[in-house]
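Two forms, one chain: they're shown below as C-alpha cells, one block per form, named structure 1 and structure 2.
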Structure 1
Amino acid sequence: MGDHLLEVNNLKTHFRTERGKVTAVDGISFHVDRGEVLAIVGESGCGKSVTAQSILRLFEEKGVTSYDGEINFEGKNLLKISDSEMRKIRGNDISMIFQDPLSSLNPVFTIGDQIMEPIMLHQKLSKKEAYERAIEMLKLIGIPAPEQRVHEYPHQISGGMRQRVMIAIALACQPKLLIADEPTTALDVTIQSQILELIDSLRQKLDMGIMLITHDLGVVAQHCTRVAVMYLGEVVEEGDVESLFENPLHPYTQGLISSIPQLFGNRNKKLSIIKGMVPSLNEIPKGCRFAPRCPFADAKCMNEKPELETLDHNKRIKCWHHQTIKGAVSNAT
C-alpha cells in the first residue's frame, strides 16, 4: 500500500501526578493507511482517548506531560515539529471528533462561528464563503433548518445535535486523517447509523484514513477494516476485523467479544463478563497486565511480561499462551 498515512512507533505518554510519574500509553505501535478504518477498542481506562489526543499533541503542559517514541504523519514525526507547524496540521490535515460535545463546544460562540473558524484559518476562505460552507456542512450531517441553526448557540440545541455539530467541525476542512472518539455516543440508533454512513461515504470520497475509538463492537464489525485491542496502555491484539472476530487469540479480546449480547440462542443465558476491573496506573501488574483478571494465567504470566508477537496475516498478539487457549471461549464469534 506504500507509506502509511499515520505510523505510531513505540509511543509512550507520561504524566507527572501527585503520586509520581505514570505512563498512560506504554509503548504502543500501529498504523492507519489512506482509505481504511482502524478501530481502537477496550474498556474505559485502557488509554484509548489518551492515545488519540497524544497524536494531536493536546497534552502540552511543560513539566507535567512528556512523550517518547514516534508519531509519523505522512512521513513527518509530529513529536519533533514546532508548535506552529502542529497548529497548521491540527484541525486541518488531522481532525478529531471528541467524546463530549458540551465541553468541547465554546458556549459563547455560535455554531456557525465554530464551524467557520477552522475553514477560514486553514482553507483561507472569506467569511462569506466560510458561512456558506458551514450551512453546507450542517445540511450534510442532517441538521434541520441549517440557516437558523448556524446562528444559534450550543445550549440552544439538543445533545445529539451538538454531537453532529462536532462532526461538522471535524469534517469541514476535509482532513486526511479523522480521529473519532466515540463519535455517536449521544445519538439514537437511527441517527448513529446515518452519521456512520456519512463518515464512511466521505472516507471513500476523500480517501481519508479513520481511527475510530469505540466500545461498540457491532460498529467495529460493520464499519472497520482492522482492530487494535488496548488494555492498560498497551496493544494486546491487532488484526483485520474478520479474523479477530472469528478467531480472537487474547483472553481479553475473547472476553470482550463474549460479552456482546446475542440476538439468537438461549435468551435465559446470562451475559459473559470479564471479572475484576482495569487497575490503576499506579498499580500496574509485574508480568502480563491482564494476568490478575485472566482465567488462563499462571506463574509465568504473573511474573514475566510478554512481547507483542507478529503472527501470520499481520496479526499481532501479546500473550504467553495464545496457542494453547485458542478457541477456548466457545461463544466468541
Structure 2
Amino acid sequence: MGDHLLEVNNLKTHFRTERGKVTAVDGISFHVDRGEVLAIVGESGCGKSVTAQSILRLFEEKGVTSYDGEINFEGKNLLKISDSEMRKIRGNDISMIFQDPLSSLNPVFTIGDQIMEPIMLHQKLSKKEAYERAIEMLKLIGIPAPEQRVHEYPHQISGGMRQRVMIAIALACQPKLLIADEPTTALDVTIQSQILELIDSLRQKLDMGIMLITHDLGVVAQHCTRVAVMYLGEVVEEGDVESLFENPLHPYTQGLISSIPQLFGNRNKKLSIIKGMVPSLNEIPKGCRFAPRCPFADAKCMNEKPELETLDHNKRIKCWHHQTIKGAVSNAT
C-alpha cells in the first residue's frame, strides 16, 4: 500500500464555529495512483471541496481549523511538514483547479503574468524563460494566438478560456497530482467536454494522478478510473467505475445513479429522487449517517455505526445491509 502517489488515511478536518466544533470531513481514507483519475462524488455540502482543500492545507487559521489523520504524498505526511515545505509542494507537486473560473484569476494582472507566477516561484526560471513557458502552456491548452493572449486581462476573455488559463496555471510546473474541484461546473456542455478531454490528454502526457471532484456522474463514467462516493463527510462506497455503476451497493450510490435522466427509456416515468436533505453537520445521526433518508434503514442502522468494509475487487462499502440490498435491487429490476 505504500507505493501510492497520494494516500489519505483517516483524515478529519474540524472547524470551530459559533455553535461548537464541526467535523466537515470525518475519517476518510482513499488513495490516488500515478496516471489514474479518482472521482469524488456526492451532494453539495458533503465535504468534497473541504477534502480537496485539506490536502493542500488551505485552511490554516489557527484555533479555527484542525486536522487529524495522515495525508501521505510520496511518503511525506503533509500534515506534519512545516509551512515553508508545504508551500514548495503547493503548485509544484500538487496543483489545484478551482470551481469558479470567473473569480479565480486576479483582475489586475494579465493572464501571462499569472501563468508565469508559479513558474518563477517554483522553477527559478528567469522572467524571459518563464514568459516563453507561459506561451508554451497556452499553446498546450489550445488557446489561439497565445502571443496576443498573454497580454490580455481576465475580463477580456471568456469563461471557458479563463478555465483553460486556470488549467495552464495549475499545470505550469508539471505537478504529479492535480486536484480538480468541479472544473467544469460553471461552463456549458461543449466547453465542458473539451476541458475534460484536455485534462485527460494532459494526464496521459504527464502521467499525473488526478483527483476529480464532481457531482456529474456522466463525467465520472467517461473520464475516471475509480470513484469514491461521499456522504456527510464520510466515504460510503468506493470502487472501480464499472463495478460501481453496474453494481452499486450503497443505497446512496443507488439513489444517485437512478436519479440520472435516461436518454432512451420511458419518458413518462418520474425520475427517482433521494428523499430529504443532507442534515447539518451539527446534527449528525447517531447510527449510519444516511439512515434517516435510506429506504432500507432499520433499527440497527439508526443506532449503530457501520464500518467501511473491504470487499473483493478493491471495493469498499459502509453499509449494514449491502448483501441484502444487492439482492433486493436485482430482484426489482
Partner chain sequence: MEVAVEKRRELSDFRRDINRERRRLFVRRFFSNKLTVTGSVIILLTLLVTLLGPLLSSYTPYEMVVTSRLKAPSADHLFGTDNLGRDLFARVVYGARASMGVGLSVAIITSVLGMIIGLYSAYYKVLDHVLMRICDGLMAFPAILLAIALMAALGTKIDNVIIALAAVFTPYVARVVRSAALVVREQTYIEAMKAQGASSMRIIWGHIAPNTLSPLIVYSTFIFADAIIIEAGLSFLGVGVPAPDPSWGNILFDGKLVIFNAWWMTFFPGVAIILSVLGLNLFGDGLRDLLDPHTNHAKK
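Structure 1's sequence is the ruler for residue numbers, which start at 1. For clarity, a rigid core is taken as the largest C-alpha set superposing within 1.5 Å between two forms. Keep in mind it's a predicted model, so treat the numbers as computed, not measured.
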{"item": "Number of the structure representing the form predicted together with its partner chain", "value": "2"}
{"item": "Core-aligned C-alpha movement of P146 between the two structures, 2 Å or more", "value": "yes"}
{"item": "Is_shifted M161 between the two structures (CA, 2 Å cut-off, rigid core)", "value": "yes"}
